[in-house]
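Below you will find one chain, with nothing else, as structure tokens; this is the form predicted alone, and questions on how it binds or moves follow later.
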Amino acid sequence: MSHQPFHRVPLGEEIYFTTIPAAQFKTNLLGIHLVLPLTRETISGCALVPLILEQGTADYPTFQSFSKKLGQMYGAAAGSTVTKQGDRLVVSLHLSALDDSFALEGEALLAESAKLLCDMLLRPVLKGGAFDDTTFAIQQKYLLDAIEAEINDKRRYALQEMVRLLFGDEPAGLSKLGYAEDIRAMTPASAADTWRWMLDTARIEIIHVGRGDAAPARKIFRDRMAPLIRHPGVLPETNIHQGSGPVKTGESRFDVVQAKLCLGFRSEVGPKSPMLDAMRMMTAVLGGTPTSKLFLNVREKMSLCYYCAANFDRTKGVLMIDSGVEPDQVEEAKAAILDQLRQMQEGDFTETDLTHARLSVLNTFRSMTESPYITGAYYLGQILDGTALTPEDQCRRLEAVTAEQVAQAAGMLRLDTVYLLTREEK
């Protein structure tokens, strides 16, 4: 393995600051990531709160004044994301600004970014202890619209329903956008209470990606966050298991022309498994590229799918295959997909298949350093997985994967869930 790719130091109780030097960028990206348990009771509030926090601070209480401040920082950009990482939720606020060395008047933009990002998290716009009514209402509607859009996007909806069925009572089955009925029931006061709970209990990972000297920013975060009186909870370990029992099935009917067939497979291959690299390669050969077996055979040669793709989630050790099919060809398509997996398990793939897949996966990791956001997300994943591999490390490991290991990885998969979204019966 190469040298430690990042420098991570504690700033307070369960508060950490990580520096990732990246001289290829002309900007500095700062991100505050709140790592929390995934629960049905809190997921909706956790999805709504960052949308409110990204709109301004106590010093810049309107979106207009906040946007003007960002503009004065040579067009800095602020925003938020909510992602799932296994059975955990990660709520992120981020701010990207030009590196100090490019500032025309020598402004300390990285330090200014740190102060502003701290204020986004610690000093939001509050009135009587509650969020601003207008901002709350706008962001509440925005989130409800996003949930509605996910339902209208039938491919995404089918995958989400398959995930829900696959994981059952496991936290990973929850929707990261939350649930419409819970979001509608929230108020500016209850949302502010959720914000306080998040700040009190989360593990906080602060990450800097860029060329600038992170020391001034780190001091600002330490001075602002170390005095906080917090009660961080114990984060759940993500449950990874192969599963057992009969295959779970689910079906929904809508007014659609094209059916969506999703298959979920369990394995015991998690972030630290010695088989992870082989599973990544297996996924690419099976259905991760335009030269994969599912694409060339099930889609092109057999014309059974409009699309057919495979993705592996290392955080839960599951492989998901989703496809768009004709409603009267569902069983035929399912059999063809499972047959391609059987061929993988028997080693029935060529060296050319392996070469094309390897090039695709290697390119994915090599592109990790082309964007500060992707770089930051990659290393946050490493931190949360308890690993410290650079993209170059990953590439070296992938180059060493053999055909026998790929077949072995395919053999570790067990069909767990079949979900079908199809047209309504006449």
Partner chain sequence: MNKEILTNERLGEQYIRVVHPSGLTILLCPMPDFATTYALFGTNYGSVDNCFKTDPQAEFTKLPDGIAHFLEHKLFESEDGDAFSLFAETGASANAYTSFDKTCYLFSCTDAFIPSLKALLTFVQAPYFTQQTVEKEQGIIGQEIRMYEDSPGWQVTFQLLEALYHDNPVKVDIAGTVESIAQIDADLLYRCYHTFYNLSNMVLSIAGKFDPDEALAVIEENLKPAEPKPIFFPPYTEPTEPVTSFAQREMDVSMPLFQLGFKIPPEEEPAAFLRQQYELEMLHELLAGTTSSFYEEMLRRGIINVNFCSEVFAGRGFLTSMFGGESEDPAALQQALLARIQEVREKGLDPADFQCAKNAMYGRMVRGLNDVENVATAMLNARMSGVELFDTVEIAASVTLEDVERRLCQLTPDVMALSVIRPRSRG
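From a predicted model like this one, the values you see are computed outputs, not experimental measurements. Residue numbers count along the first chain shown, from 1.
Just so it is clear, the following notes concern the form predicted together with the partner chain, a form of the same protein that is not shown.
Chemist: State yes only if every one of 24, 306 and 363 has a non-hydrogen atom within 4.5 Å of the partner chain in the predicted bound form; otherwise state no.
Modeler: Yes: 24, 306 and 363 each sit within 4.5 Å of the partner chain in the predicted bound form.
Chemist: Here the chain is shown alone; which of 223, 145, 181, 351 has a heavy atom within 4.5 Å of the partner chain in the predicted bound form?
Modeler: Of the listed residues, the single hit is 145.
Chemist: Could you tell me which one of 175, 242, 258, 81 places a heavy atom within 4.5 Å of the partner chain in the predicted bound form?
Modeler: Looking at the other structure, the residue within range turns out to be 258.
Chemist: Given that the partner is absent here, state which listed stretch (227-235, 352-360, 261-269, 187-195) has heavy atoms within 4.5 Å of the partner chain in the predicted bound form.
Modeler: That would be stretch 352-360.
Chemist: Check whether residue 387 has any heavy atom within 4.5 Å of a heavy atom of the partner chain in the predicted bound form, and answer yes or no.
Modeler: Judged by the heavy-atom cut-off of 4.5 Å, residue 387 is well away from the partner chain in the predicted bound form.
Chemist: Would you check, heavy atoms only and a 4.5 Å threshold, whether residue 97 touches the partner chain in the predicted bound form?
Modeler: Yes, contact at 4.5 Å.
Chemist: Applying a 4.5 Å heavy atom distance criterion, does residue 254 contact the partner chain in the predicted bound form?
Modeler: Yes.
Chemist: Could you tell me if residue 132 has a non-hydrogen atom within 4.5 Å of the partner chain in the predicted bound form?
Modeler: Looking in the predicted bound form, residue contacts with the partner chain include residue 132, since a heavy atom lies within 4.5 Å.
Chemist: For the stretch 39-68, I need every residue with any heavy atom inside 4.5 Å of the partner chain in the predicted bound form, listed N to C.
Modeler: The stretch 39-68, when checked against the partner chain in the predicted bound form, contributes 55, 62, 63, 64, 67, 68 at the 4.5 Å heavy-atom cut-off.
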